[in-house]
Ligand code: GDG
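What follows is one chain in structure tokens, specifically the form predicted alone.
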Amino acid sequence: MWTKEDLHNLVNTRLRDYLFLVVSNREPYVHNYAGDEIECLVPASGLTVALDPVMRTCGGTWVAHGSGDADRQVVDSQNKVRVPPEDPRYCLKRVWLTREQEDGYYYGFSNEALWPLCHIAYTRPVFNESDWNTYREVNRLFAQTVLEEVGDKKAFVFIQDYHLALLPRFIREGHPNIISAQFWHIPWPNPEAFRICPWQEDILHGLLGNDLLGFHIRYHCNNFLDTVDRALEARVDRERYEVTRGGKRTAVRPFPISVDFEELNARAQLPEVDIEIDRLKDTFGLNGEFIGLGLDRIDYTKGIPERLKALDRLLERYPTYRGRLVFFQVGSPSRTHIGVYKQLNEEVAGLVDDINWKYGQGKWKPIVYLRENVSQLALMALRRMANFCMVTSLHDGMNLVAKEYVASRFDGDGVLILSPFAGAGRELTDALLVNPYAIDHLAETMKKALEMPSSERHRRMRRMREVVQENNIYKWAADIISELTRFEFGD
């Protein structure tokens, strides 16, 4: 089992002569004004929550878009600030974008084109050439920042996700000897789906600027290789999982991302979590009811309307749960400038109102909808309280909410209801796996979770905790670094 000490030793041994840089759109810490004061917040992002412990262990520099309204006030002349503020372990270097750049690159091409293109959730991608041009412009801006930071030194650059698909090629053009790896945190679709992108060759060419390209599961690796094979003049080696183009070789590998199991397990047992549980019960008037839980960004890929409709079906079919079950849906707002997200927010709010009106009795309402960024303490308390947690993704790369729930249940109790269309469904096979599109089956699965015998709940949770404990975030990072060192770079 990998620990942070093991990872630290691996980095010092294998990459001791290299600068270590992580590059992402989202920053791990955001500085905002709170009145006259500046507060440092952790954004609601699975990517940053997963990578922060890795960076705390490895050190180095994290390059990201500075999005907080007080971000500029805390950086030095090189646009850097040490983080986390209470115990600085690494540098955060911020890239500044104009409102127009953010609109075209992030809201436009990244999230109205690439996001729906890669998720099979029946939302049509929007391809605007102006957004594409801005996407290229911002990727070049990130490349310039990375190249300035590296200078003439040797460096390992670890690029994150779909916002920066062109970055590895731009880096290689400016500094051929930089070692680069990229992790694609969302699914990669089949070639027929991806070929509708007008700039598919440019995106593939950009990604093949990496020495190593990682996905959550092998199925996504296979889809990527199939896409390259159909779209580009390249040699695809399916036995070695490599692509060679223009004499440059790129390895393609599955690396299932995870969480810091030991940290989550320890935090779940802190006395303040028990105090927060009591506070939540008092605030919402809970008195021994069953607790269900959903923790998501409000995104159309997460299957939130489907689970609410299943709850409606459950209460309709089984009136005995009326007054006895409270479902907490925590939904942090996301991409609210995009039309389809506005519609989703309205749909979810409407469903919550309708279901609460339909079944509410006195002070009891079946759904508590927290459409806000809830504190980490409250999230931990909710995981501890929940008799079952629902992860009903219509399509997902991995989904760390599922693993966070499992890691938090040191008591060995609780039931995870999990979509097989999330990458986590490949690992957490002791969850109750159910198709989120099948509302009736989803409702019956909720009933099964509520009525599952204690011995079965504990047996399933024990096995899932063993999986998450062994395949933790440090193993994920170590596997990627170890894979890189198997290859000769700069040839």
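One rule holds for the numbers: they count along the sequence shown, beginning at 1. Fair warning: this is a prediction, and the values are worked out from it, not measured in the lab.
Here the subject shifts to the form predicted in complex with GDP-alpha-D-glucose (GDG), a form of this protein not shown in this document.
**Q** From the candidate stretches 65-73, 430-438, 42-50, 28-36, select the single one in contact with GDP-alpha-D-glucose (GDG) in the predicted bound form, where contact means a heavy atom within 4.5 Å.
**A** Of the options, only 42-50 has residues within 4.5 Å of the partner.
**Q** With a 4.5 Å heavy atom cut-off, would you call Ile186 a contact of GDP-alpha-D-glucose (GDG) in the predicted bound form?
**A** Yes - in the predicted bound form, heavy atoms of Ile186 and GDP-alpha-D-glucose (GDG) come within 4.5 Å of each other.
**Q** Should Asn139 be classed as touching GDP-alpha-D-glucose (GDG) in the predicted bound form when contacts are defined as heavy atoms within 4.5 Å?
**A** Residue-level check for Asn139: no, no contact with GDP-alpha-D-glucose (GDG).
**Q** Quick one: is Glu372 in contact with GDP-alpha-D-glucose (GDG) in the predicted bound form, heavy atoms, 4.5 Å cut-off?
**A** So Glu372 counts as contacting GDP-alpha-D-glucose (GDG).
**Q** Please run the contact check for Val401 against GDP-alpha-D-glucose (GDG) in the predicted bound form: heavy atoms, 4.5 angstroms, yes or no?
**A** It does: once GDP-alpha-D-glucose (GDG) is placed as it appears in the predicted bound form, Val401 has a heavy atom within 4.5 Å of it.
**Q** Can you confirm whether Ile257, Val330 and Asp396, the three residues that make up this candidate site, all sit within 4.5 Å of GDP-alpha-D-glucose (GDG) in the predicted bound form, judged by heavy atoms?
**A** Every residue of the candidate spot has a heavy atom within 4.5 Å of GDP-alpha-D-glucose (GDG) in the predicted bound form.
**Q** With GDP-alpha-D-glucose (GDG) left out of view, which of Asp296, Glu112, Asp211, Glu306 would have a heavy atom within 4.5 Å of it in the predicted bound form?
**A** That would be Asp296.
**Q** Going by heavy atom distances of 4.5 angstroms or less, which of Ala143, Ile355, Leu379, Ile178 would be at the interface with GDP-alpha-D-glucose (GDG) in the predicted bound form?
**A** The residue from Ala143, Ile355, Leu379, Ile178 that makes the contact is Leu379.
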